[in-house]
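Single chain ahead, written as structure tokens, the form predicted on its own.
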């Protein structure tokens, strides 16, 4: 089985952070989003990985290099949707099953049952309540998917697409994507993966579902912080240690080479490599690598890499290399 991971998205809802770094490299609970995804791939004993990157994806290559994986890269020149991204991989696919994992989503769920494959192609789903209009919706009859709709105005099911897909006949998917692209068949101006899967269903191909108990879409700052809180909760030791002269309130994730002085850190704080925090109180926040904070009181904040913040602020989103003094 191969893993196919699209990480070419522009991450417009996560600006200013994504103006200078790929969305997949934004840190959550001590490592980039992509790091959490690759950990899941490694746990499934998958060795072959296809990463779909943007033309500015060199930072992705640098990050992935230490992993003991057979990685191939495909460049998506234009951001035309997930379906279009998967279609760019067509020359690297064959009859071998693939697992598609969206590159802005973190999965605490256990996928070990996928190691031996499924008897049919399947889409990961979860039953949710509330307003479901921002999700792909799955309708099922007698165990088989009958309809997939991307972000419908009036959802007819409470089963939502969880962003992970198993295809045991990937070339059938590629054929449908090829038809869509030749006919310029788009939804919301993009080539949707759900539309291609629906075309497969209409052709008589069986598509079933498997349950994803938990996943976190990291597409907005609020959801990013929510994922950070949840993943820190799952840390067995809470990431707690001792830093002389400072107080740590678990759960936290602090890089070993971060410098913390006379500060109160936590709960739910992630501090990346080579960051420095001096005389600050920080909770429920994500601090990027080599960021420098001094005399701050932060809550619910995201500080980008290399940013400098000094002064009494409560909540703030600061991009890479930005400076703020109050």
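Residue numbers count along the first chain shown, from 1. Bear in mind that the values here come from a model prediction, so they are computed numbers and not experimental data.
From this point on, the text means the form predicted together with 1-O-phosphono-alpha-D-glucopyranose, which you will not see here.
The closest heavy atom approach of residue 163 to 1-O-phosphono-alpha-D-glucopyranose in the predicted bound form falls within 4.5 Å. Under a 4.5 angstroms non-hydrogen atom cutoff, 1-O-phosphono-alpha-D-glucopyranose in the predicted bound form lacks residue 196 among its neighbouring residues. Taking non-hydrogen atoms only, residue 136 approaches 1-O-phosphono-alpha-D-glucopyranose to within 4.5 angstroms in the predicted bound form. For the chain shown alone, residue 231 is not a contact residue for 1-O-phosphono-alpha-D-glucopyranose in the predicted bound form, no non-hydrogen atom being within 4.5 angstroms.
Heavy atoms within 4.5 Å of 1-O-phosphono-alpha-D-glucopyranose in the predicted bound form are found in exactly one of 148 to 156, 200 to 208, 252 to 260, 110 to 118, that being 148 to 156. The contact with 1-O-phosphono-alpha-D-glucopyranose in the predicted bound form, taken as any heavy atom within 4.5 Å, belongs to 82 out of 224, 177, 100, 82. Although 1-O-phosphono-alpha-D-glucopyranose is not shown here, in the predicted bound form the stretch 1 to 32 places heavy atoms of just one residue, 13, within 4.5 Å of it.
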